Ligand SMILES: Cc1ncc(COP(=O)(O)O)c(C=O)c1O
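In C-alpha cells, the next block holds one chain alone, the form predicted on its own.
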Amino acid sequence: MSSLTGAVSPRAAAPDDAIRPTWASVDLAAIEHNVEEVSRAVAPAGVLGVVKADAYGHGAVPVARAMDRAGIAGFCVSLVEEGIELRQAGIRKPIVVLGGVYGRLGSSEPSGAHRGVIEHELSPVVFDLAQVRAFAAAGGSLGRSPVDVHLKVDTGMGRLGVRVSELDPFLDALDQLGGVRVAGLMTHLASADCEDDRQSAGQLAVFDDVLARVLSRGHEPDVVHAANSAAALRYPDARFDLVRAGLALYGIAPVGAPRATTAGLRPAMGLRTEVAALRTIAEGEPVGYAATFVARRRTRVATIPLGYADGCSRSLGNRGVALVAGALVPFCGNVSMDMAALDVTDVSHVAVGDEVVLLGAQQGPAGSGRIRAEDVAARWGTIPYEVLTSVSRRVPRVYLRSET
C-alpha cells in the first residue's frame, strides 16, 4: 500500500438522482442537539464524536460538520481512510484512528498508511511494537518526529491493546526506540451497557493503576480516555479527559444510562419508502419466497421497494412492522433483496404512493406512531448499532435541519 489519498468509497445515489422512492433522512439539528446534551452530562470532560462506519450510517462528512458546529472536541474513526475523508472535507479538529490497523500487519516497515496518518495529522492508536517502530520510521522519513500516538491498554476487553502484564516491557522498548510520544492513553470497557457493573468497575480500577504506572515512567499523555456512550453517561469515574460518544450522539439511549442523562436525546435517522403496489389475495394464498406467509383471511398486501440489500433485515420477515397512514402494520412473508410486503388489511384507504416509515415517526388518518432503532433491533434480534449501520449506501441520505 503506497498511498491512501486515492482511495474512494462507492458512490451512493444522491436524493435528486434516486429512481425509487426510498430514502433515509438525517436530522442534523438533532445531531447538534445531542452533542450539546452529552457535553453537558459529561462536563468537564470533552467529547470525541465517533463517526466510524460512515457515522453509523448517517454520513460521516455532514455529521462531522454538524458535530463540529456544536463544539465537539474531536472525532474517532476506525480506519485511516475514514480519517482522511474527514480531513479532505475540511475537518481540522483531532481525529483518533481507533482500529489500529495500518498497512501490512506485523511489519515494522512503514507503509502508505503510516505516512498517510502522519501527513493528514491523524492520531493513531497503537498496541504493539511493530506499529510503534513503523510510525517512528515514517515520522523520521517525513521530518515529523516524534509522532504522537495514543497507547491502548487491554484492561479486560480481550481484543486489542497492550496486555497489562506486558505493559512494563512494552514501555521499556518504547523508551529505547524513541521517535514516538505517548500523547494519549486509553482503554475500552467491555460491559458498560450491561446491568452488572462489576466488570466495568474492575477495568476502571486496573486502568487507574495503568495510568499511575505510565506517569511514573515519565510519560505525560495530553489526554486519557476510556468511556463510550454508555460508560460516559453511567460512570463519572470513567470520563477522565475525554469520552468517546457514538450511539448517544445519534439519539439512542445506551442501555443502563440514567434517564436524566438521556431524556433529551433526539433520534437523527429516519427510513422511509412508499407503497409501490397493492393487491388483494384470498384466504390460503401465499406471499413471498418460500411461502412463509399464507393468508388466513382476505388480505390486502402492499409491496414496498426496500429489502435486505437496503438494511431491512431478512430477519424481519413476518416479524417486523412499518407505519402506514400512522398505523403499525406487520410484514408478511420473507423480506427480499429489493422488496418487502406489508399486511395493510386493517388500514383504510391505503393507496400506491403512500408513505411507509420503517424508522422514525409518522402521523396519518389512522393515528400516529414512532418506530425506534431499539424497536427494530428487538424484532431483529440484534442491537441498535447494527440497525443504523445496516442502512446501505444505495439508500440516499436526505439531510434535514428540523429544530423540534
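Residues carry their position along the shown sequence, with the first being 1. Note that this is a predicted model, so its numbers are computed, not measured.
Below: the form predicted together with this ligand, not depicted.
Engineer: Can you check 225-233, 128-136, 287-295, 271-279 and let me know which stretch has heavy atoms within 4.5 Å of this ligand in the predicted bound form?
Structural biologist: In the other structure, the partner sits against 225-233.
Engineer: Tell me, which of 332, 149, 86, 98 has a heavy atom within 4.5 angstroms of this ligand in the predicted bound form?
Structural biologist: It is 98.
Engineer: Heavy atom within 4.5 Å of this ligand in the predicted bound form: which of 110, 317, 246, 161?
Structural biologist: Of the listed residues, the single hit is 246.
Engineer: May I ask whether 52, 56 and 188 each come within 4.5 Å of this ligand in the predicted bound form, counting any non-hydrogen atom?
Structural biologist: Spot residues vs this ligand: full contact, yes.
Engineer: Is there a non-hydrogen atom of residue 23 within 4.5 angstroms of a non-hydrogen atom of this ligand in the predicted bound form?
Structural biologist: So residue 23 does not count as contacting this ligand.
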